[in-house]
Ligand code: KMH
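The chain below stands alone and is given as structure tokens, in the form predicted alone.
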Amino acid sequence: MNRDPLIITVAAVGAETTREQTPYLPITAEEIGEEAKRVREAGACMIHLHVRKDDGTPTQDKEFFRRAIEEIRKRTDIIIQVSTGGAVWMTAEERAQPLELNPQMASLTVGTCNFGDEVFSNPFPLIRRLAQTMRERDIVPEIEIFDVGFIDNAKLLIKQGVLMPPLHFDFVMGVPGAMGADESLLDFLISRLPEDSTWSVAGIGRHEFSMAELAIKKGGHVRVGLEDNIYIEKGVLAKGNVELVEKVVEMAKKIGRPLATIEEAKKILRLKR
């Protein structure tokens, strides 16, 4: 059994979840700051950050990100990873905005896929532009894998000099229209990773905790949060992101994986600041 420190990432807000679906979704900068503090105290090391306008509309406006980051930093030392995915309808210019704030880390999706009834478009020119900006600003990318072929895309980008290994990957499993979520598929994804990669799993919806348990057992890391799943168990809303983190912490204790400290997480993720 792998005993390496476990990084728990929290996708606390997202671009799709609404207050109509769950009243526990943080929206304002102050709410996000408080949520970041709570999940850090519960055992999480990193927050995957989306932001919203005051009416709940998703935005990539850097000023909204700036406010949220300031509120987080007032309260906690949690690692901040901004999203460059935004929402499926956003332009490349919008999606790149939070990189201007020089965050510690940012997500980078390396392919196009169906996303429910929409299309999550990530053509290579956009990927190259975002990757180049991250490199210029010493922002560490997290490579988001929504479908199996994305790993081959990442390898091509490495060969072209766009991405520089070693890299950290996040397998987003169970999105309708993209890849599924099961152990055999996870094993295949792991087997396809470039050498010296690290990885985490984000199971979507009902797959969140089953995939989290597999990741813990197999030596990977875990992402949970209201962006991915709003239920603590079937039909029961989680009362915020903290309950989701606490459930993963209990899994880790039973399996025997210690939680990473912030410094351990920075070393594992190879953060440059």
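Numbers for residues come from their place in the sequence shown, where the first is 1. Treat the numbers as computed from the prediction; the structure is a model and nothing was measured.
The form predicted together with the ligand exists for this protein as well; it is not shown, and the discussion that follows is about that form.
J.: Partner absent here, but in the predicted complex, which of 106 to 114, 154 to 162, 188 to 196, 72 to 80 has residues with a heavy atom within 4.5 Å of the ligand?
T.: Contact-bearing stretch, as computed: 106 to 114.
J.: Three residues, 24, 231 and 246; all within 4.5 Å of the ligand in the predicted complex via heavy atoms?
T.: Heavy-atom distance to the ligand in the predicted complex: none of the three under 4.5 Å.
J.: Pick from 52, 221, 48, 40: which residue has any heavy atom within 4.5 angstroms of the ligand in the predicted complex?
T.: Contact residue from the list: 48.
J.: Even though the partner isn't displayed, in the predicted complex is residue 263 close enough to the ligand, meaning a heavy atom within 4.5 Å?
T.: It does not: once the ligand is placed as it appears in the predicted complex, residue 263 has no heavy atom within 4.5 Å of it.
J.: Does at least one non-hydrogen atom of residue 251 fall within 4.5 angstroms of the ligand in the predicted complex?
T.: The answer is no: residue 251 has no heavy atom within 4.5 Å of the ligand.
J.: Indicate whether residue 15 is a 4.5 Å heavy atom neighbour of the ligand in the predicted complex.
T.: Residue-level check for residue 15: yes, a contact with the ligand.
J.: Heavy atom to heavy atom, is residue 169 within 4.5 Å of the ligand in the predicted complex?
T.: It does not: once the ligand is placed as it appears in the predicted complex, residue 169 has no heavy atom within 4.5 Å of it.
J.: Can you name the residues of 141 to 180 that have a heavy atom within 4.5 Å of the ligand in the predicted complex?
T.: Stretch hits, in order: 144, 146.
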